[in-house]
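A lone chain, given as structure tokens: the form predicted on its own.
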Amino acid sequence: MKFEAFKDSVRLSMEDICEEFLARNRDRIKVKKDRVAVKNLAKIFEATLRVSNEKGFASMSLRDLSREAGLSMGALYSYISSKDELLDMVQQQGRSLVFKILGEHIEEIPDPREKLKAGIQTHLYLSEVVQPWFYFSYMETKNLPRGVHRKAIEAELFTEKIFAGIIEEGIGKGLFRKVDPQMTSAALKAMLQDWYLKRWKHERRRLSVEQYAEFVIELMSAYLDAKEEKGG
């Protein structure tokens, strides 16, 4: 799939993301009008990602956020009660986004080789569409409270487990050579993260997300190819 086709298929906007968040967390939001709530949640999330990715979430005060989002402190407290709650909200929605879209793009694919290719493309394309969200989720995990931090780590391992499961399936069908699925998926995840954590490096090389996806797919395919094991 081409990147533009992916963007058209998922049609993600901050308001789309906030509508989904509001539907799953209606009891946490004090504002009754959905349209107003979605609009202001979008302002809050956008301001959080913008300020945090510039100077770090720990250095951002709720007053900074209020000013950046264009909301009064009273209005802000209608959506969040603390920075810890805000951090949990952003992390929660980021995880939900990845699980939903990754699942939608791979669950119906029977061939492990094609499933792995689709998973790599989807993860990279999604991280390009909502790059600030991915960057925030990775960089701020260390600042999470203990319970929320555990959830973030579990989410990180969950995506690795998805790729490990695909690799295990491919090995079982004789399509992939015998490798350690967990270590291979961990190495793959590191390559996927490199795209959104070190954008400057790839921009300097004038590398598109499609080119990077193709490189990662070719690298993993060559490493996993069962023919290589037989030939060796």
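The numbering used is simple: start at 1 and walk along the sequence shown. Not measured: the values here are computed from a predicted model.
Below: the form predicted in complex with the DNA, not depicted.
Only one of 206, 178, 198, 33 lies close to the DNA in the model of the complex, with a heavy atom inside 4.5 Å, and it is 33. Shown without its partner, this chain lists 171, 60, 49, 164 as candidates; in the model of the complex, only 60 has a non-hydrogen atom within 4.5 angstroms of the DNA.
Of the heavy atoms in residue 129, none are within 4.5 Å of the DNA in the model of the complex. Taking the partner from the other structure, the DNA in the model of the complex has no heavy atom within 4.5 Å of any heavy atom of residue 100. Residue 75 belongs to the set of residues with a heavy atom inside 4.5 Å of the DNA in the model of the complex.
Using a 4.5 angstroms threshold between heavy atoms, residue 71 counts as touching the DNA in the model of the complex. The stretch from 105-113, 92-100, 79-87, 131-139 that comes within 4.5 Å of the DNA in the model of the complex, counting heavy atoms only, is 79-87. Residues of 186-209 that come within 4.5 Å of the DNA in the model of the complex, judged by any heavy atom, do not exist; none qualify.
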